[in-house]
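Here we start with a single chain on its own, the form predicted alone, put down as structure tokens.
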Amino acid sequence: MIDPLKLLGYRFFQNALIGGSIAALVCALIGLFIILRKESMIGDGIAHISFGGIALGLFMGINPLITALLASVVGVLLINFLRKRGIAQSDSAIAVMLSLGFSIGLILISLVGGFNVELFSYLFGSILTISQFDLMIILGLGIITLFLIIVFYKELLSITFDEEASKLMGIPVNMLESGLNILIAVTIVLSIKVVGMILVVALLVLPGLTALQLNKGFRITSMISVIVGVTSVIIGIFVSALFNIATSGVIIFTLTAFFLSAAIYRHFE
């Protein structure tokens, strides 16, 4: 078996730990707002939209994370447009953009010769292959997202728990909702290399769901959510490196184990 301490000396392993921890931290915080607003499906929709962006990046020969970010932001803005104009309800708008993004991705992938190893790393995650440039993107987006969450913390909390009262208080609800959805898009792109496009919703939702089982205040719940998310990613990275198994699978399995443990604890409390 590989010595775990020796792994810490490798740059690729350091990149994985740093990038994965940042992604898990941001996912845990943003995911809590998604759960409380009962909008978990928007995460799945944006993840599928990002597939079109990933395919575009591979087609054009540029970093797929950049094009995935652009596609995700455009997609979430179009979802908001469809909802606000009454063209489609929330779930229908998500379904329309999800289908469009995925179909564009399939067309572009077929043009570049079909599925390959690189594409599968974005579909299912490949955290141990995070490059220095990928890490810079993840770090930059993570810092911006955390900064905005801190700055607009009270407003985001207000529109999450009582949207109508927020409007009466003069809080720009529509603008903040659009901003939150853009942050969700950014967060999903942050996490694509960690667990992949297909499993990213689990990294968004499971830490928050686990923390909510303990019935604590919002601040403590946020802290528990972050601890669960980051710990699961670190465990996943070490276990996958030591036993040569899929990192994303171990991360989600660990998150699920935390969630089930918390649910059982709540049931018998």
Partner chain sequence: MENKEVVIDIQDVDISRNGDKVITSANLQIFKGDFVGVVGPNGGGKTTLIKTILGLIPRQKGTIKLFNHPIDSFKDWRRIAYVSQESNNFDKDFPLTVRELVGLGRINRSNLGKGLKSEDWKRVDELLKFMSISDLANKRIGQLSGGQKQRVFVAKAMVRDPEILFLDEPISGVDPETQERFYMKLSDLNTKTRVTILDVSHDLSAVFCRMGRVVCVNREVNVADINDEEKFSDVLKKAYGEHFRFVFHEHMCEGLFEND
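Not measured: the values here are computed from a predicted model. Positions refer to the first chain, counted from 1.
Note that the form predicted in complex with its partner chain isn't included here; everything after this is about it.
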{"item": "Contact segment among 157-165, 130-138, 67-75, 178-186, judged by heavy atoms lying within 4.5 Å of its partner chain in the predicted bound form", "value": "157-165"}
{"item": "In the predicted bound form, the residue from 87, 151, 111, 143 that sits within 4.5 Å of its partner chain by heavy atoms", "value": "151"}
{"item": "4.5 Å heavy atom contact, residue 59 to its partner chain in the predicted bound form", "value": "no"}
{"item": "Partner contact for residue 215 in the predicted bound form: its partner chain, 4.5 angstroms, heavy atom", "value": "yes"}
{"item": "4.5 Å heavy atom contact, residue 169 to its partner chain in the predicted bound form", "value": "yes"}
{"item": "4.5 angstroms heavy atom contact with its partner chain in the predicted bound form for residue 36", "value": "yes"}
{"item": "Within 4.5 Å of its partner chain in the predicted bound form: residues from 62-98 (heavy atom criterion)", "value": "none"}
